[in-house]
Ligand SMILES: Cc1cc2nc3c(=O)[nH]c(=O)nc-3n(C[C@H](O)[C@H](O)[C@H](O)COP(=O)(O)OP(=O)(O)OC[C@H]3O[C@@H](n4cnc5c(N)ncnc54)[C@H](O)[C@@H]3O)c2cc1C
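What follows is a single chain, given as structure tokens, in the form predicted on its own.
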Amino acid sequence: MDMFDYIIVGAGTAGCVLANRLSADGSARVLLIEAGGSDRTLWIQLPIGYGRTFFDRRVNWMYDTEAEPALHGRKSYWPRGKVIGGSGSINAMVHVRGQRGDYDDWAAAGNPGWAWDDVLPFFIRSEDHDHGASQWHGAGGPQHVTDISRVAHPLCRRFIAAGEAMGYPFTADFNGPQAEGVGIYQINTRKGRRASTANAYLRPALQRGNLVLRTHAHATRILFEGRRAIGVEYHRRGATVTVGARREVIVAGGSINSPQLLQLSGIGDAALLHSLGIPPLIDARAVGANLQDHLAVSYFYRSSLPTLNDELRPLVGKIRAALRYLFDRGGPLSMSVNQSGGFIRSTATSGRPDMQLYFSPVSYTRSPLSERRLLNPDPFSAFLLSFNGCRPTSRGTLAIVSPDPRSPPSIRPNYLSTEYDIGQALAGSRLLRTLAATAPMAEIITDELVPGRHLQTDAELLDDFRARADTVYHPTSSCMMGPDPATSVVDARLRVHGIAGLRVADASIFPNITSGNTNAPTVMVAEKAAAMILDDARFGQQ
């Protein structure tokens, strides 16, 4: 059996960071395994190309949830990256850390070392920021953060001005000293290309002789000796392969695949595992139990001024955008369509920002979700406004349905299962209407296309939310961090409760979902995890 010091399962956002940091000094032999294949394709590297990977089984697990009662019995489609770079290779690249209170809450829940002041250095360490080095940002780190404020679509300024007219402050940097307010989102690109952790962390590290990457390697179970993880079994090219770990196995499969692998390996609800013929190693009922996600809805408006629709829909516009990109790596192809937004308080009594806003100068009202492509928007000038609650309180579950690792798990988000989340849905819908009716946004809106102004009552707006709302692709917390093995999966050092030599390090460990996009926090988790793993190795722990 081939032996390594560390085996990392999953070459996604977190796995690429871990592989770089754990192999950096050359003293440890590191194996990184990935179920998917290469990310070296045009539609991954081209920033706006993520619209093409949204339904591409070659790079995407393409999960579906169970039917959600609160969403009129609809299933929700959850794309997840099955490729080097993971979901960071197919996402919209928005770089948001979240609010200070998110992490202070993590620490207050019994997770020492995870307060804002503890995690900020790891955010900074990861960055090569357009703003340069400061107490808020890093320079020279692996992952580039681009400030698009000078090149964002002109209509973003109208969105920001309308937000200011409603009393929301302008912020020039959601990741700086004032995270609250409206402004332009920063994105993870470098010189017009996607700056995923695959590009930023993994590719340079693969030059090291002590790091091995194996793609198309689907992990099937973790191997144990007693209650210590000693290796991993995976399927690759029709063969079953086992590899050994002298020090640790680190699971970094993300919020779907990490709990799935633990359950397949005998770590989960014992009754569930018994029912599927899997011998339980430990009865860990929290595995797959605390699943969270952001749920959003969009309102579409026809505009009297040109939008990205006018640039990207016509053939001549596509040609012009392509030539611009080839010339200087600029223009709309070099960015996400999620260009501006904000973090605001939905009511005067909200103790912290509780709503995330999105403004995209583009619309897709004439095609079903399954046919949407970012380069084929509506054939008229229009844009969308969206919102989601920052900190939903609903929690769902994830459970395997078969001992076959190829079978997708059952995903039940349990959306809108609390009165708080229902109240947020209605408050956000009202807020979008108010924003659209506020100058200077109101001055360019000629019609509300979806849902339509005929919907006015609270009951009608809530029913519309249930009929159209969907995921923002931010699943977290399914291997939740916490001090109590009865309610959490890993401790504050990300060690799986009751098991030696095994950690989980990805978005699944979040005790609560963060107030915003989850990619940057996942990078932070991996940076901090690597530091803890190396620190423990120095002192002979784990």
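If you're wondering where the values come from, they're calculated on a predicted model, not measured in any experiment. Heads up: residue numbers just count along the shown sequence, starting at 1.
The discussion below concerns the form predicted together with this ligand, not included here.
- The partner is absent here, but in the model of the complex a heavy atom of Ala219, alone among Leu435, Ala219, Val119, Val297, sits within 4.5 Å of this ligand.
- The contact residue chosen from Pro280, Pro79, Gly101, Gly181 relative to this ligand in the model of the complex is Pro79, the criterion being a non-hydrogen atom within 4.5 angstroms.
- Stretch 466-474 is the answer when you ask which of 239-247, 415-423, 466-474, 342-350 has residues with heavy atoms within 4.5 Å of this ligand in the model of the complex.
- By the criterion of a heavy atom within 4.5 Å, Ala520 is counted among the residues contacting this ligand in the model of the complex.
- Taking the partner from elsewhere, Trp43 is found to have every heavy atom lying beyond 4.5 Å of this ligand in the model of the complex.
- For Asn257, a non-hydrogen atom is located within 4.5 Å of this ligand in the model of the complex, even though that partner is not displayed.
- Contact annotation: Ala35 falls within 4.5 Å of this ligand in the model of the complex, judged by heavy atom distances.
- Contact annotation for 90-109: residues with any non-hydrogen atom within 4.5 angstroms of this ligand in the model of the complex are Ile90, Asn91, Ala92, Met93, Val94, listed in sequence order.
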